[in-house]
Ligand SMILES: Cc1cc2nc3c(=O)[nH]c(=O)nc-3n(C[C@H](O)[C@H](O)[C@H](O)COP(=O)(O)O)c2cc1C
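Quick setup: one chain, the form predicted alone, written in structure tokens, and binding and motion questions come after.
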Amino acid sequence: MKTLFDKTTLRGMELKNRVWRSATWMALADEEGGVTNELIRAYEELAEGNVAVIVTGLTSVVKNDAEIGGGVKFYDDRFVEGHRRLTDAVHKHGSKVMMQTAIVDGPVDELTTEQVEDIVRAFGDAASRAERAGYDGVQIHAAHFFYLSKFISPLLNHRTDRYGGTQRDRTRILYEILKDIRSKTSADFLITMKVNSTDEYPGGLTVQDFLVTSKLMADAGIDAIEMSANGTSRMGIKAGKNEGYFRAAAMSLAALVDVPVVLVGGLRSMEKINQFLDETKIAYVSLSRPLIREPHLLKRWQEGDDAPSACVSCNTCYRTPGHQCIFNLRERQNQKL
């Protein structure tokens, strides 16, 4: 029987349970994209709450990327020391931490083959820096219509060179990134991927395309796959009623590949999480909004209070300073009065 509190091993690394913190943009970087004390404290609080694997928010690997407010950047060695402070804060509580490497946006069809190769090397170089900064691994971000997600989508990639055409060729950039990272990091460094199970647009990535991409990456040696989709962070999630809205695609993937599959999307109760783990081949679950509301949610469950997450899926956290839960902000404000 699989449960969320099982200890597991991933690429020889022991994980204290089956819960990941899904990458979440917190808008807490400084003006240059560097790590701040507020950002470090946010990750340390998750580690105090016993989350096994913390995936950082989107971290841009190129200098001239599109801007997102408070976004983290990691295109130069000068950022390494700040990230070392972050990883040290997480590790002292026994959690693992992976950097989500990404490019926010950019052209797809217009790039030369040589420019695509430059992008591949940028991801490998960032992973090398991440290892030097103390990260346990990286997650290649190919979901949510950020740049790599657009690259693997038939809706947006119309290239005629080796990076376009079939789904296999559209995926080539991902497995070349994987290969480049492997060549620049140690043997026990984790490399995972987040990928859309569907673009949710006519002519976009389908579940069948997603399975082709994921199988190629599994065969190439990716360590785990967290699957999502456009249209994430759905509202109206009720514990015990409509949890796990990506589970069908995750189950299909888990039946197809030998690498661990990570389920994200609308998970709110320990009961349902344990059910999804035990009744399927899904290996891990990943939480975002529940951990914004309750960074110590997992610790609460471990201590015997098994009430579902207090998150009401209102999505107001995406419009608050530091992307904090509006209810937590109100509680703190009331305490000051």
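Only a predicted model underlies this, so the values are computations on that prediction, with no experimental measurement involved. We number the residues from 1 along the sequence you see.
Below: the form predicted in complex with this ligand, not depicted.
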*asked:* Taking any heavy atom pair closer than or equal to 4.5 Å as contact, tell me whether residue 245 reaches this ligand in the predicted complex.
replied: yes
*Contact of residue 159 with this ligand in the predicted complex (heavy atom, 4.5 Å)*: no
*At the 4.5 Å heavy atom threshold, is residue 60 in contact with this ligand in the predicted complex?*
no
_Taking this ligand as it sits in the predicted complex, is residue 228 in contact with it (heavy atom to heavy atom, 4.5 Å or less)?_
yes
*asked:* Does this ligand, in the predicted complex, lie within 4.5 angstroms of each residue among 194, 233 and 268, using heavy atoms as the measure?
replied: yes
*One residue of 297, 292, 54, 39 in contact with this ligand, assessed in the predicted complex (non-hydrogen atom, 4.5 angstroms)*: 292
*Would you mind picking the one in 215, 144, 93, 129 that has a heavy atom within 4.5 Å of this ligand in the predicted complex?*
144
_Contact stretch among 196-204, 136-144, 183-191, 168-176 - heavy atom within 4.5 Å of this ligand in the predicted complex_ = 136-144
*Heavy atom contacts to this ligand in the predicted complex at 4.5 Å, residues of 285-324 in sequence order*: 286, 287, 288, 289, 290, 292, 317, 318, 323
